[in-house]
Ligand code: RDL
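Given as structure tokens, the chain that follows is alone and in the form predicted alone.
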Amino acid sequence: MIKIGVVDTTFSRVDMAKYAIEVIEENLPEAEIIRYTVPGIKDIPVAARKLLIDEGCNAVLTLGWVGPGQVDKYSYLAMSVGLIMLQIMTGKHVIDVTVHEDEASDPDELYNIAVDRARKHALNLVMLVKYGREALTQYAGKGLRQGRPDAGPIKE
């Protein structure tokens, strides 16, 4: 049985997990999805750890929202380091999906960034779990973006 963990926060202004779970269900229907919602980004690493170790998830998708202030940026950095350490310690993928509130001033644009990023990274996670380490190799160097239009390669 494949188990996928999805961690999100109440701080987020978009329910990104809803869109990520739709993608996972569509592309990996045999997977059991375990959702874990926490208050904010600094709570994400322990939730991801519990899903990987206590629940036996094969991989975890984390969905965080970073406020516009400097303190928010520091909180994101601390969370990111925690997730990197968790990946090293468990040998399992933790795909971090983060939206920074200052990426866009228009709420509709911010919403679109969040939904697109959640969906695309959910698909990345599915591919890694389903097909392994070479699943994304065909896309290497293509300038793919999540939440924004693809940049494309510099040279073919």
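Sequential numbering from 1, following the sequence displayed. This structure is a prediction, so every number in the text was calculated from the model and none was measured.
Not pictured, yet referred to below: the form predicted in complex with the ligand.
Contact of D96 with the ligand in the model of the complex (heavy atom, 4.5 Å): Within the cut-off, so yes.
Original post:
Does any heavy atom of V66 come within 4.5 Å of a heavy atom of the ligand in the model of the complex?
Top reply: Taking the distances in the model of the complex, the answer for V66 is yes, it comes within 4.5 Å of the ligand.
Decide whether G91 counts as a contact residue for the ligand in the model of the complex under a heavy atom distance cut-off of 4.5 Å.
No - in the model of the complex, heavy atoms of G91 and the ligand never come within 4.5 Å of each other.
So, Y19 and the ligand: in the model of the complex, are they within 4.5 Å at any heavy atom pair?
Judged by the heavy-atom cut-off of 4.5 Å, Y19 is well away from the ligand in the model of the complex.
Just one of K120, R49, K42, R35 has a heavy atom within 4.5 Å of the ligand in the model of the complex. Which one?
Residue within 4.5 Å of the partner: K42.
>> Can you tell me which of 50-58, 66-74, 25-33, 105-113 lies within 4.5 Å of the ligand in the model of the complex, counting heavy atoms only?
In response: Within 4.5 Å of the partner lies stretch 66-74.
(message) Using a 4.5 Å cut-off on any heavy atom, which residues of 2-20 would contact the ligand in the model of the complex?
(response) If the 4.5 Å heavy-atom criterion is applied to the ligand in the model of the complex, 2-20 yields T9, F11.
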